[in-house]
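As a starting point, one isolated chain is supplied in structure tokens, in the form predicted on its own.
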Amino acid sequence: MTNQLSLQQRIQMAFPGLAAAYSVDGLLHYRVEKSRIPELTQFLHEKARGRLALLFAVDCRPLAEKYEIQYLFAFASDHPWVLLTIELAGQDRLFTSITPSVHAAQWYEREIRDLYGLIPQGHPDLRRLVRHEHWPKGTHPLQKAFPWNKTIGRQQADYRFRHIEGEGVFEVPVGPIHAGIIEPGHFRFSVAGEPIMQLEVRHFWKHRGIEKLFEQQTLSTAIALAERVSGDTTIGHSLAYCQAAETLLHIDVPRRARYLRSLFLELERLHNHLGDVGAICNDTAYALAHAHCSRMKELLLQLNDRLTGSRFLRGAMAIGGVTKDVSAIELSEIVALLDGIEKDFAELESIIFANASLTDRLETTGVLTERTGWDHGVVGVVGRASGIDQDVRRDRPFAAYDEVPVNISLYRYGDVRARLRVRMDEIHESIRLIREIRANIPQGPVAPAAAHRPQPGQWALSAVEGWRGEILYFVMTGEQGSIHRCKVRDPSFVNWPAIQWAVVGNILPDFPLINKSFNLSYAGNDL
């Protein structure tokens, strides 16, 4: 409690008279005048070293005639989250942009403008982000008055890309349609020769209205939708949603179920990291490593299928627990399989690190500095490869991570090799964690006994460290157990803007390698 008070006292000393409207273990909530938000957020970011983890709006109708904008800041593990709330009452649509001082707010504020029609005054870039130019003017789909199943007409307009003028400067557009099965994303490079002078990312071609669809669900029926936010992160997203719903329903998850949740989450991390290690090597034409990683990944996907009936672990999560218990025999089989995979992977690691030409391609390529990463609020593998020491499993333990502690892999070079090394270390750590889970898992039920119905307007925040990084869910209840608002933030949403800085100064042929080392989700970003 001392550390919580120390942060609270710092805020009160800097802003006399500002008191927390709500305080629970792990979170401080302040309702503030909207005119104070720029100085308060700048203080939290620069003086208190807080990371802007989430920024979103809520249309409070029909409960109240207003909009709310929520600013969530994350701090070191010995400090609570800080949530700031401002209100735009009646017909008020204006709020002050914090992007000039907190760069991580840039996409969030553009998203709010597109989806709600609220205007961040002073924002340096008010081009459309989510609503591409074919959307009619004045169409803001997350307003409560906008029907979820409305069909809208199309209009014709052009997106204004940034241009660098000068002799010998060329633009190279890539996408949004790509070869193979990659999802749609547009990358526009400004180059002088081969070195990249500027990259502009243009996404949201895959926007599916996920957050609007959540509003058509009840707390108990939305798990299947959460599983499909990003297909390679079934457990990460469904677990984050379930934790928020469990808080609202006052459900205590049985201890054995918490262990199984950690087991499934680490299995998801394992097969994705193995795939990424192989894919990074493949982008340097090192097919041998790619082939072996693909073989090991396939063994894990088959294991997932045997355990849950799904190669991607769909259907494993339930509000209050899990749908599938894992027997002692199955746990032994899992560990035996992982013992063999770890032996093979360790041998492959030694071959990879002995390859001088591979090292030459990876080192100093796609460097994301710690300062740039911090300014943009990057998370997960990308952040830890750039020296940003954060992992929700350790910092704010969930599932069984309070009983099975995690060792964090941290590098400071911020290049492709560092991102490869983080993944390799986390493969070994996930295998170690699964052995610990098998050794310590308790007996007992895997589903809860009862639940309570929350009142309309109650909300809960949930964080999970998925294999890409921190996943956040903010869930607010409506009437009769419905969902009034579900804000989803995949780690890709905060990491995509940072890749635009990591590629500057590199040659154009290295972009696929840099992009693969970030390996961000289009679907998870676009929602």
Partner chain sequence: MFRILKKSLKTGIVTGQHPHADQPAESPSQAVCEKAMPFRQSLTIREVDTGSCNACEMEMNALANPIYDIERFGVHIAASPRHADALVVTGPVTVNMERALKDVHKQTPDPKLVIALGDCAINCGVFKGSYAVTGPVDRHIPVDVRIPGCPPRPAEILKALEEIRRPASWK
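Positions refer to the first chain, counted from 1. Computed from a predicted model, the values in this text were never measured in an experiment.
Beyond what is shown, the protein has a form predicted together with its partner chain; the following relates to that form.
In summary, among the residues A76, L288, A336, A328, the only one with a non-hydrogen atom within 4.5 Å of its partner chain in the predicted complex is L288.
For the residues A89, L94, I152, I164, the 4.5 Å heavy atom test against its partner chain in the predicted complex is passed only by I152.
Taken together, the three residues T364, H428 and G469 all stay farther than 4.5 Å from its partner chain in the predicted complex, as judged by their closest heavy atom. Interface membership of G168, defined by any non-hydrogen atom within 4.5 Å of its partner chain in the predicted complex, is ruled out. In the predicted complex, H207 approaches its partner chain with a heavy atom inside 4.5 Å. Using a 4.5 angstroms limit between non-hydrogen atoms, D389 is distant from its partner chain in the predicted complex.
In the predicted complex, at least one heavy atom of P141 sits within 4.5 Å of a heavy atom of its partner chain. In summary, the region of this chain contacting its partner chain in the predicted complex, judged by heavy atoms within 4.5 Å and restricted to 103-111, 395-403, 175-183, 248-256, corresponds to 175-183.
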